[in-house]
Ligand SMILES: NC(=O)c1ccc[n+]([C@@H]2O[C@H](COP(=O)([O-])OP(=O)(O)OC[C@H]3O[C@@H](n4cnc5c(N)ncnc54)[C@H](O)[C@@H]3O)[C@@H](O)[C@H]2O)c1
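In structure tokens, one chain follows: the form predicted on its own.
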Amino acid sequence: MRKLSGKIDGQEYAVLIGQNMDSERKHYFEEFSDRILFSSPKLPPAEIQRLKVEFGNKNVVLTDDGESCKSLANYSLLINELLGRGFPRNGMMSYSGGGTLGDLVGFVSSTYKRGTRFSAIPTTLLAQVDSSIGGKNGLNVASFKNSIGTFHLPEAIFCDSAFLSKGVMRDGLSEVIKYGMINDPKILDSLRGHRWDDILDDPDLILSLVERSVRTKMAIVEKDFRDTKGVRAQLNFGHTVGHALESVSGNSLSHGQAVCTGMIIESRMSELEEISERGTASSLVGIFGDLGIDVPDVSAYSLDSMVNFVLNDKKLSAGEIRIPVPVRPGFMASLSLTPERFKKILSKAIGG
């Protein structure tokens, strides 16, 4: 097991990375007489049973996962569950599942009785390397992603590779590749020559990818926890266009599909504006191709709808849309465009 420790705003936290960490989790959660775990019902029954052993059967509540769970209605359901149990403010609240459930439970934890202690058991690669790290929580309102949210840091995050099945690995590789592009090109080097199916058969590679990705995100977040200094913005590479694609597709595109496409399109836009080095976008296409990950065709989606989403997605500053882009792997810059210029360059980039 590998333990990464950090400190933000005076709060210490730990990310534990390993395989089959049942005993470590059980030892940690036994310290809390009042504890509750909101778990995704999508986990295999055997894994849910393992978590019930660790938490106690009555302390595990199955809760819908997926993008639709991040609603005010589900927020109210969880609050009522806690009130019905008389759950105290000093209890430990946790979740096991993907990033959407983490967003919901994190938001609940940050607001219930003005904040409870919080921990995370992310069970997808996407959640382990990205959403569980950094303390951002959010709900969707009126089809806009994370339009309301809080900053609330988990005290402990258990990244157990035993939860990572074939179905949850593929989508998370987009975020892993993002970390390679924005900060750690060695991640890209380690992926070259691998099909994504091969990665499942290499537990050491999986743990290395998770650790390198988590280290990158921790380092960035600790410099700019509340996203006010511009440092944390680089984590949004691929997400400005990616979130718009998720929205206009009605979430038929997964987060991973949307982000991999968003990174390619944003790199093309940056090349057109002569910020990214030539070939940056095509190198990304090559990496995804080598891994056997298909990049979806998004040319049929409404350009006006995408731009409208971006204008309402927290990316507008001083009348311009600002997105982080790589000059080359490991070196980031900012692309600033008026909405009119953004639409024009976006159209060219989608056209390929």
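Each residue number is its position in the shown sequence, starting from 1. Being a predicted model, the structure only gives us computed values, none of them experimental.
Below, we turn to the form predicted together with this ligand, even though it does not appear here.
- This chain is displayed without this ligand, yet in the predicted complex the stretch 59-67 from 322-330, 28-36, 297-305, 59-67 comes within 4.5 Å of it by heavy atoms.
- By the criterion of a heavy atom within 4.5 Å, residue 109 is excluded from the residues contacting this ligand in the predicted complex.
- By the criterion of a heavy atom within 4.5 Å, residue 50 is excluded from the residues contacting this ligand in the predicted complex.
- Using a 4.5 Å cutoff between non-hydrogen atoms, residue 168 counts as a contact of this ligand in the predicted complex.
- Contact annotation: residue 44 falls within 4.5 Å of this ligand in the predicted complex, judged by heavy atom distances.
- The partner is absent here; in the predicted complex, the one residue of 74, 116, 146, 249 having a heavy atom within 4.5 Å of this ligand is 146.
- Contact with this ligand in the predicted complex, judged by any heavy atom within 4.5 Å, is made by just one of 236, 270, 100, 280: 100.
- Each of 40, 123 and 126 is positioned with at least one heavy atom within 4.5 Å of this ligand in the predicted complex.
- In the predicted complex, 217 is the single residue of 196-217 with at least one heavy atom within 4.5 Å of this ligand.
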